[in-house]
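Just one chain follows, in the form predicted on its own, and it is written as structure tokens.
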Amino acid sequence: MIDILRNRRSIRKYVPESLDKKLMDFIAEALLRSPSSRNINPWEFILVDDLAILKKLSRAKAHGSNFLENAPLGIVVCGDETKSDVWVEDCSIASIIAQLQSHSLGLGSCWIQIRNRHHNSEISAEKYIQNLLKIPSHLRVESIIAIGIPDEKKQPLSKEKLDYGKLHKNLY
């Protein structure tokens, strides 16, 4: 696990090639195995591999989502706020599980924050996606995870650059 964490980086450039169904199945299984508070599993996932829909999703925000247009897979991570008061945390856990599983399969990924972001001055990114994908209003959109075969190589962050000042023992 530490090797996955050491080497995983946010990847925003992908080879223009669809993903093998077997890889997508592994990612889907990992999503469904994600831990959640009290095992409520308030999340719902929309796996998008339709290039026309991915292009529209890439316009969800003014900044920080355009690279999704070139990803072969986008996972829209939603949470049912009527089922759990910690849907945000549960969806965040599922989002990172998708990224770690993707990396373990040799794929690249990048988190796209949607909750509390704007599409434009009149509509939120979340509302834009809910309308586009016909998501019921009780399901909130936390993030989109872009996934694909990496078309860029990023060096791992060296251990020396880690901020060990963020660690405290016993007391702050």
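Each residue number is its position in the shown sequence, starting from 1. These numbers come from a predicted model, not from an experiment.
Form predicted together with a small molecule: not shown, discussed below.
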statement: For the small molecule in the model of the complex, the stretch among 110-118, 51-59, 132-140, 34-42 with residues bearing a heavy atom within 4.5 Å is 110-118
field: Non-hydrogen atom contact Ser18 with the small molecule in the model of the complex at 4.5 angstroms
entry: no
message: I'd like to know if Arg9 sits close to the small molecule in the model of the complex, meaning any non-hydrogen atom pair within 4.5 angstroms.
response: yes
message: With a cut-off of 4.5 Å between heavy atoms, is Phe26 one of the residues that contacts the small molecule in the model of the complex?
response: no
message: Is it the case that Phe67, even though its partner is missing from this view, gets within 4.5 Å of the small molecule in the model of the complex, heavy atoms only?
response: yes
